[in-house]
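Presented as structure tokens, the chain that follows is alone, the form predicted alone.
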Amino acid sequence: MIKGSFIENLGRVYAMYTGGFLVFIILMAILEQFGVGANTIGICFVAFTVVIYAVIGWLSRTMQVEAYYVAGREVPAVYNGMATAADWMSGASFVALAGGIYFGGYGYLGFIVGWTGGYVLVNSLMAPYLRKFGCYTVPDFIGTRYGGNLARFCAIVVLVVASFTYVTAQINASGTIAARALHIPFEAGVWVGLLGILLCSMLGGMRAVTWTQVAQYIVLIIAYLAPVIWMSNKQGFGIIPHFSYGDAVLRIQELEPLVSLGTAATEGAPFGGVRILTTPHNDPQGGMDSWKFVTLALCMMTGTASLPHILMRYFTTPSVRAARKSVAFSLFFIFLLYFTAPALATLTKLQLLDPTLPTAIIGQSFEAVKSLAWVQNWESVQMLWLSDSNGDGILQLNEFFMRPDIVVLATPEIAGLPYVVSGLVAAGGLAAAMSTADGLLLAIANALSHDLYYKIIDPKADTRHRLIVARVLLIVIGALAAIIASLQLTGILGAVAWAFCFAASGLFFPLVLGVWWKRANTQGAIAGMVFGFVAGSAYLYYVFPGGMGGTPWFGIDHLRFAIIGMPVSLVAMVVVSLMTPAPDAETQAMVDEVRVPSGKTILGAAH
């Protein structure tokens, strides 16, 4: 019998949840041994986890403003760290990151360096101070710190564009998983994924999302680590591959010239989204390669420190001290996955290339590879394609087309692991995509309902109307994101990089200088947001192949356009602030007070 409040029993509740999930995995493994089909097991994994999340969302429903927007500000640091990690480790981290390293090699480690390094900026420059401020949303901070509705409105625009771009990537990831697990078209899968996301977030707002995200973190981290450890042990690299997969990298470097890496495909796939492997796994050349690595990492770091759905997680802790501690916990929980992704990409590639392994397919009979169950399964949903373009009956590396986003999901099947592991990975990927999409949709809906509707359009709106508006917006924005995701305009990792660059271009310096430079004023903040966001967006349109397709300046491609937007934002903000009157004494005193770790929050609970 559990006594005391839910918060007092968090450890016991989530220990029971974890135990129950492990029992479910064992049950699925037993059913597989008794001949239950792979499709049934996959559906059971997806259905079981989504139902659990929906139940948590239902139990956390609320009509209280502070519970809906900031989970009542009662989330302990360790659980906020887990929720933040789940919020952070999106479909891009779980589903697409290892695929990016698989196809892009060394250079894609810039994502990992940037995404983890960004938390140093969050901890040192942002999270504790925004928590001390006591705001509900990031535009709430901008609007109150700088004053005036125009500054608040500019922040809303940047937030909506960045978060919407990001959420389309998450719905894309959930659609990919649903399509494979349920054997439905991708375009239908995105709507299944959206339904699960809305079930978790619509009724309980931030409170429901928080407790759902903790549950999702437990599922996703088990799902990510289990196949890598299993595969590493099977290949002879030990049960902790993170320190021993260097030999696998060397083996891939030996094999790459033997399988004619870099040879262009002679025939294109009949559908989009799939590609052949052309980039060496580990071959940094220095010079431009180093520049691209550094600029990518910098964009991801500053984007991390600017993304509203991450910053608003630190508004939920009981105190400033807890906010700072929860950043440390977040970094630890995120590290567990990011430290594993390069090992997963390396071992999976070795499984396909190394002729001494029974799972190798390159250099094998085309018909034999074509008849493999996992190849047929992924071909049936148009995420993989084989072509014997030279007619020699042997599968060459430039005849094997795969969508980068399926590398993690297909790894258990490629490695010949029991299908229960594939079901587990699908559940983990879905948890990652859903947890981030929850946070993003909530960030957009909260900004529009609190900052646009309540603060600008109808300041007299009562609590009931505000929460109804927030929930309607959740549905509308989610539906729009599903429509955009179904068009597959870019890959998951590409869309995520754009979101980070939008946020960094428009919000990074207005947020940082809002805490650390008393002289920053309203006009400067507006100039920084507008000029930085417009400059970055214009450069994206110039350089993206789907836009003008121009030649990148100094190797700054469409994944790094914040390198253009951020300096413009900084210069515009500083110059305009210095050319216009300084903030009044009350505002400057407020900025001084924000940087004091102790004391009451700046804003009242019912602002």
Partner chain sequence: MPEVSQDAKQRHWAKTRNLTVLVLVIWFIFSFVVPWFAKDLNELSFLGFPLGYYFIVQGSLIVFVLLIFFQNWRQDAIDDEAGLGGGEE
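Positions refer to the first chain, counted from 1. Everything numeric here is computed off the predicted structure, so don't read it as measured data.
Omitted here: the form predicted together with its partner chain. The next part is about that form.
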Which of these stretches, 373-381, 414-422, 338-346, 188-196, has heavy atoms within 4.5 Å of its partner chain in the predicted complex?
338-346
In the predicted complex, does each of 112, 124 and 516 have a heavy atom within 4.5 Å of its partner chain?
yes
By the heavy atom within 4.5 Å rule, which residue out of 274, 369, 161, 249 makes contact with its partner chain in the predicted complex?
249
Go through 263, 364, 279, 290 and name the one with a heavy atom inside 4.5 Å of its partner chain in the predicted complex.
290
Any chance residue 321 has a heavy atom within 4.5 Å of its partner chain in the predicted complex?
yes
Is residue 596 close enough to its partner chain in the predicted complex to count, meaning some heavy atom within 4.5 Å?
yes
Would residue 147 sit within 4.5 Å of its partner chain in the predicted complex, counting heavy atoms only?
no
In the predicted complex, does residue 268 have a heavy atom within 4.5 Å of its partner chain?
no
